[in-house]
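Next up: a single chain in structure tokens, the form predicted alone.
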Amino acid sequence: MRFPFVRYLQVIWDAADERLGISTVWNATARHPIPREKGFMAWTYVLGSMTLTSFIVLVVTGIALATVYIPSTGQAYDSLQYITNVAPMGSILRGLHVWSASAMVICIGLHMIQVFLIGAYKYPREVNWLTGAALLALTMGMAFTGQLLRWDNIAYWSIFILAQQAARFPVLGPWLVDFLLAGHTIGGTTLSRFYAFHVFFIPAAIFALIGVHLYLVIYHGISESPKLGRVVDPKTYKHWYHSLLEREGVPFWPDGVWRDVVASFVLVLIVLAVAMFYGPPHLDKPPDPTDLVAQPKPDWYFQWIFALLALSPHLFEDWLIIGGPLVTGLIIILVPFLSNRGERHFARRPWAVGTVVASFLLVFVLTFEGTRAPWVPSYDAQPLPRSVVASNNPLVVQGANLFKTKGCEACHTIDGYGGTRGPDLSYIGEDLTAGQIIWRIQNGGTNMPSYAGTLTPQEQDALTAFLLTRKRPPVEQAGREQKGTSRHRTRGSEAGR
């Protein structure tokens, strides 16, 4: 027995479907056949859907944040403070937005690696790869512009550094700086420009490219798992692929989509848990154009670039800033055209595996170094405690205080206190004489300024007296000397032989 309202719903559905073609679109998308995948490889195909889910969370939370955030230099910082500390669920909402951005960067990066390793960019999916690469670039652009919208001191000086780097481009440099800053100085128009790109232009471009990318995925079909000996030949691949789908294909809905739903659901839960327990990133102090010792650090996904530029010799900085993105982009664009046929299995493509491993190690090591930032002076280093000074001599105590007040401790470490930009001076009294220490302080070094004009003779004597006390404890020193004597005897006995 059929209830009357069911019949009415059927009539309404038939009328809407006849005019809108809903069934046709549904069958062409959700019901399109895909290769049957099992085991671990089947789960690697969820990375694209996880990326899309992250983007949807970003859009939804971004719309909510935009109802409170005020993109002006006088109110942007305060509005974020209000969202984080006052607005109901504001901290969680902002945390969801920030951590879903990290999730999107991770997912799209892993998706690109997966496609590269299994050769899914080969014929006829070359344009799929190009749209995916463009989506990766837009994702990084959205992440960077979002960091600047915090409009704290880190954001302000990040814009300053970005403008400095853009100015190095030949011919286009001045135009790029003017475009980024929306003028010649950092101000309200700069913030408005980044806000427009973050909220309107970049998301619109991402939506458009996602549509093209999904269309190509449906048009060409999802690539099958690679197998040893199965090569891609543009002359025969399409016929072979359609034969495979006829023999072993399953509809995307419901046979394939359930993995995407599970993976996306788990992703949202993880992002929500991180947002609830860790919250959004801490805001630095308000923008301060007079802060000459500001050392802005980018979010974690840009830390490796930050470290690469900081660790590179000064002469190579322009080459890296200008040539690095151009060469990398050119390689990514050329990959599907230089290698669009042949083996797809990574076991037969060791160069692909080597490229991924080398790139991962490079990014991981540089990210770690960027987090530590050993090249940055530690301006917030605490004064040396009494236990480290270990002397009641007034001249030594004065020298220890000068070690802090004159900025030495910002770059040099003593017993774990201080910065790491310069050499560790914990035992400098064993390595240099008083005259050598005075010469170094007076003349400076490669990255060390000269203090000849900033220290009085009495301050010079006090600082030298303190540094001369920096020696190992007597027991440790005796052990060191004994080891040295043993090595000397061993070398002597070997020479006697």
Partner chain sequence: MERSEEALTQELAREHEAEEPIRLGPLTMDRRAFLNLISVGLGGLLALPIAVPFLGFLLQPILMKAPTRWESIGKLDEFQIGSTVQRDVTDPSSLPWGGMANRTAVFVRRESQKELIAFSVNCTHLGCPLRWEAGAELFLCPCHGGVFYRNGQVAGGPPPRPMVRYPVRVRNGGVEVMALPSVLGVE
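Heads up, when I say rigid core I mean the largest set of C-alphas that superpose within 1.5 Å between the two forms. The model shown is predicted, which means the values in this text are computed figures rather than measured ones. Numbering follows the first chain given and starts at 1.
The next section is about a form of this same protein that is not shown, the form predicted in complex with its partner chain.
Q: Kindly indicate whether 141, 198 and 382 are, all three, within 4.5 angstroms of its partner chain in the model of the complex, using heavy atoms.
A: Checked in the model of the complex: no contact with its partner chain for any of the three.
Q. Looking at 165-173, 345-353, 264-272, 228-236, which one sits within 4.5 Å of its partner chain in the model of the complex if you count heavy atoms only?
A. Comparing against its partner chain in the model of the complex, the contact stretch is 165-173.
Q.
Within 4.5 Å, heavy atoms only, which of 136, 182, 397, 127 is in contact with its partner chain in the model of the complex?
A. Result of the distance check: 182.
Q) So which of 91, 340, 189, 371 reaches within 4.5 angstroms of its partner chain in the model of the complex, heavy atom to heavy atom? A) Exactly one listed residue reaches within 4.5 Å, namely 189.
(Q) Even though the partner isn't displayed, in the model of the complex is residue 451 close enough to its partner chain, meaning a heavy atom within 4.5 Å? (A) So residue 451 counts as contacting its partner chain.
Q: Indicate whether residue 157 is a 4.5 Å heavy atom neighbour of its partner chain in the model of the complex.
A: Residue 157: contacts its partner chain in the model of the complex.
**Q.** is_contact(residue 73, its partner chain) in the model of the complex, heavy atom dist at most 4.5 Å
**A.** Output for residue 73 is yes: heavy atoms within 4.5 Å of its partner chain.
Q. Any of the heavy atoms of residue 288 lying within 4.5 Å of its partner chain in the model of the complex?
A. Contact check for residue 288: yes, within 4.5 Å of its partner chain in the model of the complex.
Q. If you look in the model of the complex, which residues in 310-336 sit within 4.5 Å of its partner chain (heavy atoms)?
A. Residues within 4.5 Å: 310, 314, 317, 321.
Q | CA of residue 36, rigid core aligned, shift of 2 Å or more between this form and the one not shown | A | Shift at residue 36: below 2 Å after core fit.
Q.
Is residue 27 displaced by at least 2 Å at its C-alpha between this form and the one not shown when the rigid core is overlaid?
A. Residue 27 C-alpha, core-superposed: shift of less than 2 Å.
(Q) Superposed on the rigid core, does the Cα of residue 57 end up 2 angstroms or more away between this form and the one not shown? (A) Shift at residue 57: below 2 Å after core fit.
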